[in-house]
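In the form predicted alone, a lone chain appears below as structure tokens.
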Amino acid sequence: MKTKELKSGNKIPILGFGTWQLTEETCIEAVKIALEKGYRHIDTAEMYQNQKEVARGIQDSGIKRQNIFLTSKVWFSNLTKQDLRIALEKTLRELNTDYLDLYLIHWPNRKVDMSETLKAMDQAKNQGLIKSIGVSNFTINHLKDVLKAGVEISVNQVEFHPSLYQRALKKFMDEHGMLLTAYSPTAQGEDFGIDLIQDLAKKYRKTNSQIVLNWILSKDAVAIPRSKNPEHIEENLKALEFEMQESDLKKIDGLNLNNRLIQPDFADFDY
């Protein structure tokens, strides 16, 4: 599996396995299958309420912990120094691990001093509990606030797919050495209905999903597709096996559909 080096020096596999909305035995089996098929990057969060199941899937796969890049996220209501530490320790217990490869602030919360949160995460990093620090669902202005705190941020995990090409955010992150991780990378399947995606799938003799994921990977980004279907789990891995022509990639760039799917009431995208 190809990797990218983060600012922290750690290497993240460019195609990960997302676990949002996977629960109970379905989650255990999906994580196990993903690891058996060749994924080495698993993404979860305390709010998914499936960390124990993710741990079971890892255990059942037989893949050694040190060979897996494991990401989790702290919920936006747990961002004070004390609350973050409690949340992190619970996450480590549930995942049955001594450390996380990447720990993210799941959503920004400007009611809590950003520097307090980031310094608590940096302390945990210095203690070996996490290897890299990141954020999720942060806008350019949120990231500017992060930079003022002076704590090294490696990743911003955001909704990113052909129908939501966050070009300005990606450019800002590139300029500051932050890696973009794309969640909902296929727009939960909605992007499969785009005529251009279907045409390119026929041209390259690939699935719609492989075209979408390949486009994301071409942007020097990481993607974390989710599936409970063993065939789709394996199919997504094959997005790594081909390259599209630059002219076709630019056609996808130009879709400009602004199709944002994930917009909870507490989102702060207008900042």
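Values in this document were obtained by computation on a predicted structure and should not be read as measured data. Sequential numbering from 1, following the sequence displayed.
Keep in mind the form predicted together with a small molecule is missing from the figure; the text below concerns it.
Listed range touching the small molecule, judged in the predicted bound form by heavy atoms within 4.5 Å, from 119-127, 185-193, 94-102, 169-177: Going through the listed ranges, the match is 185-193.
Please run the contact check for Ser136 against the small molecule in the predicted bound form: heavy atoms, 4.5 angstroms, yes or no? Result yes; Ser136 sits at the interface with the small molecule in the predicted bound form.
Examine Glu235 and determine whether its closest non-hydrogen atom to the small molecule in the predicted bound form is within 4.5 angstroms. Contact check for Glu235: yes, within 4.5 Å of the small molecule in the predicted bound form.
So in the predicted bound form, does Lys228 come within 4.5 Å of the small molecule, heavy atom to heavy atom? Yes, Lys228 lies within 4.5 Å of the small molecule in the predicted bound form.
Ile224, heavy atom within 4.5 angstroms of the small molecule in the predicted bound form: Yes.
Taking a heavy atom within 4.5 Å as contact, would all three of Pro13, Ser154 and Phe242 count as contacting the small molecule in the predicted bound form? Spot residues vs the small molecule: no contact at all.
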